[in-house]
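This document opens with one chain alone, in structure tokens, the form predicted alone.
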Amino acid sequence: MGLADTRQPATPNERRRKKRKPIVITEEKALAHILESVAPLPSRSVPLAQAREQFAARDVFARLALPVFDNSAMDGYAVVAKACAAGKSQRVIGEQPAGADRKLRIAPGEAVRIFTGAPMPAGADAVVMQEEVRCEGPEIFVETKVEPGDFIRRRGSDLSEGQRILASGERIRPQTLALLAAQGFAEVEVGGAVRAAIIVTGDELIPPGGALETGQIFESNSILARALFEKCGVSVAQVEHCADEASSIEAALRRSFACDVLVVIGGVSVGARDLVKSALNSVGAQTDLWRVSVKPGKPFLFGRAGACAIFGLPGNPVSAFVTFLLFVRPAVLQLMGAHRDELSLPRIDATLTEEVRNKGDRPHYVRGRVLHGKFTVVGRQESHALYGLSRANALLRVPPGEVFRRETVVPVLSLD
């Protein structure tokens, strides 16, 4: 006869507590909620020199046709094409440099010395390159066949008046700035200026340049987060390091809520020293979601305090990096007025140089390097492995249980 079981039956509340597990949401649902929670900031006008990588706040239309006037595409001679029979001379009657229009006019058999970008003389319908003529005193002899329209840039052939040259929410690139300048714009209206705060937590952290003692590490996450913010065009207004102490974290949180975005790195998991979640509650912040089904980066948090969007990132640097790109970056760009198409990292196709598999139950963002169209996994893939991350220029998303065979062409997210 066996020993009697002296344990008391579990109460209904105890059974419910045993069954209850923290809710882990998908990355798609997390991102959708975040983007629904942040609205673009008020727009502003800035000089063109300050507009690179900003986002247009409204559609912009051409004021001028480009080219503005018919002009020469070459250094040479403006002529009347039908008069340029082989061996027939053309009398040079003047010169038209780039700049002010000298209002010259030619008849058949006449030519004007002209330079690249110079306005075409009246009556001329072609330009002959200087290499294709023979000069004899005031006359030239054309040594090639000439057709009407040769080497002339026609007015409006590149751009018409009223044509849209910049769409609302579009990223303003260096070449866009050149087009705006060519239209005479000195300023452009762009999305709002985002101010960010960064808080890192951990007793073990000391600033770079200090002397390490056993058990300590140099703090690197604030450098990483600042660089990622600034790459987005965000101004970092505040950076603080807090020990694992509730009052210190709460005070730093209160100071940060004046910014548009707050990133807290470390202290958002379930350990006894992970105090960020409770500190946010203590200072009146709202936590909307916690724990996302993604690797690396499961202990991710999002919430709000008034107008400030709050992101809690894991303390391991690779986890912080991946969750910043997946969730913080799109939110920041939306605050800046970016179109939805601009929020994601650019995708490129690459061929795998080796097999890549995900045995886990979460999507895994594998760090690798794309070179000449081939993706190679680099370094260790643990969430602490900073060296491999430093060599990576792309991320490969591998769904749960998926195996990508060598030589498979896969879409990867470009980090550059």
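Please read these numbers as outputs of a predicted model, since none were measured by experiment. The numbering used is simple: start at 1 and walk along the sequence shown.
Keep in mind that the form predicted together with a small molecule is not shown, yet the notes after this line are about it.
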Review point. Would L205 count as touching the small molecule in the predicted complex under a 4.5 Å heavy atom rule?
Key: yes
**Study point:** 4.5 Å heavy atom contact, E132 to the small molecule in the predicted complex
**Key:** no
Exercise for review: Report whether the minimum heavy atom distance between S220 and the small molecule in the predicted complex is within 4.5 Å.
Suggested key: yes
Exercise for review: Examine E189 and determine whether its closest non-hydrogen atom to the small molecule in the predicted complex is within 4.5 angstroms.
Suggested key: no
Check your understanding: Using a 4.5 Å heavy atom cut-off, which stretch among 336-344, 308-316, 89-97, 69-77 contacts the small molecule in the predicted complex?
Key -> 308-316
Practice item. Name the single residue among E250, D274, D288, E139 that comes within 4.5 Å of the small molecule in the predicted complex, judging by heavy atoms. Key: D274
Point to revise | Listed residue that, although the small molecule is not shown, lies within 4.5 Å of it in the predicted complex (heavy atoms), from V200, A225, L280, A124 | key: V200
